[in-house]
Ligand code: TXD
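The chain that follows stands alone, in the form predicted alone, written as structure tokens.
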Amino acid sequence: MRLKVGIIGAGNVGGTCAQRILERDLADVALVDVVDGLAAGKALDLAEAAPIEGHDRQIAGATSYDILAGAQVVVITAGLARKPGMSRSDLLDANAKILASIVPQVKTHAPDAILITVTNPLDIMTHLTWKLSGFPTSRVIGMAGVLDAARFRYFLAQRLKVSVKEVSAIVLGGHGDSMVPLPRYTTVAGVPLASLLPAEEVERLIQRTREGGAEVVTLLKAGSAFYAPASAVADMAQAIVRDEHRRLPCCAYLTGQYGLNDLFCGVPVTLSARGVEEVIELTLTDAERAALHRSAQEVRKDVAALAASPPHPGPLPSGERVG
């Protein structure tokens, strides 16, 4: 059986996700977009690159969800992108309507898939994806922690003038301004971060990590980050389709871990062909736990707001896309 990853949304994030997955030789790709010709055009372009890149993976693009049949993983990237000055929460209502039109189609055509949500606001949209799909929580995951940790690792590597490969980091909490990078669990070639940089400088880099997405949005002036998010998705997809049992920070459903219940939030998990096999519970200080709970409370407020006014399916506006 050939492995297949479905991607909903053929914009910057979705198209780059397809490229990453194909060029890693992970799986065939089914790319879906409501804009006539967009997914098919990008699929053909990527297919024509295969002889140069040296892989024999297949890619198809369409407006119909039928091509998702048999997908082991489906990545949802479609939605409005942030503009300068917008928070991820500003996108809540519009993107909830878009997911309300997408997820039932995914459920129909790829009922056994593991779902990776990329649409912002990430944690709330992951919760909504779960509710709309009715899938087990182990098969619904949000992409956030891999990206946030990568940004933190990059900023640290630049400051310390070392390879990014030497930096190991973990980020907990919601994918937003309240995220919780953990310096205590961050090392450079095995050396604790606290012995390499003063606390105030670490805090400055933490703040830049929290604002990493907004920094890209401000520089681009139109659109949002897509290269790094696509790489984060590819890492998660690889862990699933190759059954790697990798420990990655993801937005996952909590059932009491870290003192949090009935909530999707960023935590380290073991990711395999079955989805989330376990949530890994780190030992936190009182300050770290309090910061995580503050972040989770921000997510919970938006989840409650969405529950009070459930979304009706809505179209994806042309020209304003995250995926």
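This structure is a prediction, so every number in the text was calculated from the model and none was measured. Residue indices: 1-based, along the sequence shown.
Form predicted together with the named molecule: not shown, discussed below.
Novice: Is it the case that V5, I240 and G275 all touch the named molecule in the model of the complex, with a non-hydrogen atom of each within 4.5 angstroms?
Specialist: Verified in the model of the complex; spot residues all out of contact, no.
Novice: Consider the chain as shown here, without its partner, and state which of A110, V180, L193, L147 has a heavy atom within 4.5 Å of the named molecule in the model of the complex.
Specialist: Here the answer is residue option L147.
Novice: Looking at A47, A291, I280, V34, which is the one with a non-hydrogen atom within 4.5 Å of the named molecule in the model of the complex?
Specialist: Looking at the other structure, the residue within range turns out to be V34.
Novice: Counting only non-hydrogen atoms, choose the one of 194 to 202, 242 to 250, 181 to 189, 71 to 79 that falls within 4.5 Å of the named molecule in the model of the complex.
Specialist: Of the stretches listed, the one contacting the partner is 71 to 79.
Novice: Considering non-hydrogen atoms and a 4.5 Å limit, does the named molecule approach A43 in the model of the complex?
Specialist: No, A43 sits far enough from the named molecule in the model of the complex that none of its heavy atoms falls within 4.5 Å.
Novice: Given that the named molecule is not shown alongside this chain, does S231 nevertheless sit within 4.5 Å of it in the model of the complex, heavy atom to heavy atom?
Specialist: Residue-level check for S231: no, no contact with the named molecule.
Novice: Quick one: is A27 in contact with the named molecule in the model of the complex, heavy atoms, 4.5 Å cut-off?
Specialist: Contact check for A27: no, nothing within 4.5 Å of the named molecule in the model of the complex.
Novice: Decide whether A225 counts as a contact residue for the named molecule in the model of the complex under a heavy atom distance cut-off of 4.5 Å.
Specialist: Yes, A225 is a contact residue.
Novice: Quick one: name the residues from 1 to 22 with any non-hydrogen atom within 4.5 angstroms of the named molecule in the model of the complex.
Specialist: Contacting residues: I8, G9, A10, G11, N12, V13, G14.
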